[in-house]
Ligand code: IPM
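Next comes just one chain, in structure tokens: the form predicted on its own.
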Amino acid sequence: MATHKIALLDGDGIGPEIMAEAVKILDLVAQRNEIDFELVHGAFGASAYFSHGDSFPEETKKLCDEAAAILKGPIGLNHEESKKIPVDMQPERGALLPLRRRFNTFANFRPVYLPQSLAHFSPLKPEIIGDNGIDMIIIRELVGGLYFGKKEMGVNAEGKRYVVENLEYDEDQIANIARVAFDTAQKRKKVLHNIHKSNVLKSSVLWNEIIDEVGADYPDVKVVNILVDAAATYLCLNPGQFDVMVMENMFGDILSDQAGGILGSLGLMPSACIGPEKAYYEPSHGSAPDIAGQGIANPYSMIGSVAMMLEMSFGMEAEAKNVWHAMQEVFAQGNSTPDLSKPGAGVNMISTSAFGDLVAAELAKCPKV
């Protein structure tokens, strides 16, 4: 029996609650496929700082090094609680960026999927969503750009506080994410939207040059170049025009969150962060400390991240499709959780754990593969 070790980084806020539902699905998948998932929890994020004095403790690093894949919950605290943690040890700087750097997870996949069964969640008008719903994927470069460039804070000669943060890319970094994007577009509709800001940023000038160079190897993929601010507008006015979008780190951070907005919630956006040797999978949303412990957070994005892990790390594409189908069936049957739907929305309000139970029940009905 094949054994795969998976590091589970529960994170903060609602992280442990939605991770518990992911574990339900992993346990069922293991039973259905006669494989063994060795699930090991590791401290990570703000909770790790308070328990271990480090947002990314050494023992968690060792666990991640040994794991075949990493499943990560959301991290972070509210503004006031975050002040209790030194700036460089706050979860994003002290844990998340080091995790990405450690495993060079340069390719971030964020599917933006809204079938008709979920269309009622979206704030967009039905005529904008269309009969086919929304189905695109955002591919974001994840280990370069402004977030990883040189940083400096201080007081200048005039006694004024200043900050400098550099946006840095080299041609290899851009070419690597470009190939991922072209490969993905080639498997889908053969259209790639390249998102840039070359009318202002020289980093985008180089980015576009490399996109053109890599694109020469993919003559069957049509490239559509679009400025990032225009892309933000079109995501709201005509999202159906997009299929695969590729962009640098900060643009991807902002537009993928906006894409969650057109779905109606980042709770409907799982993601995969892929490196040359290791990957981690995570919900795109935050830790929602204001609703933590109430059992009202929807685990869709966490379970969706499991589905992406099954496909991308373990080659279990058919079972991954079963997990997606099971989640959509639960919604199609009129169920939701209070974080996604308001009272009076005409849906059956259920808890986090009840949603996970229903997904597991639907998955159990799927033919074994």
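Because the structure is predicted, anything quoted here is derived from the model rather than measured. Start at 1 with the first residue shown and count on from there.
Note that the form predicted in complex with the ligand isn't included here; everything after this is about it.
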Q.
Please tell me whether the candidate spot formed by 190, 242 and 244 is one where all three residues come within 4.5 Å of the ligand in the predicted complex (heavy atoms).
A. no
Q) Can any non-hydrogen atom of residue 106 be found within 4.5 angstroms of the ligand in the predicted complex? A) no
Q. Do residue 282 and the ligand share at least one heavy atom pair within 4.5 Å in the predicted complex?
A. yes
Q) Is there a heavy atom of residue 92 no more than 4.5 Å from a heavy atom of the ligand in the predicted complex? A) yes
Q.
Is it the case that residue 110, even though its partner is missing from this view, gets within 4.5 Å of the ligand in the predicted complex, heavy atoms only?
A. yes
Q | Listed residue that, although the ligand is not shown, lies within 4.5 Å of it in the predicted complex (heavy atoms), from 169, 147, 218, 121 | A | 147
Q) Just one of 77, 259, 96, 177 has a heavy atom within 4.5 angstroms of the ligand in the predicted complex, so which one? A) 96
Q.
Can you tell me which of 228 to 236, 123 to 131, 282 to 290, 206 to 214 lies within 4.5 Å of the ligand in the predicted complex, counting heavy atoms only?
A. 282 to 290
Q: Taking only heavy atoms into account, state which residues of 253 to 272 are within 4.5 Å of the ligand in the predicted complex, ordered by sequence.
A: 253
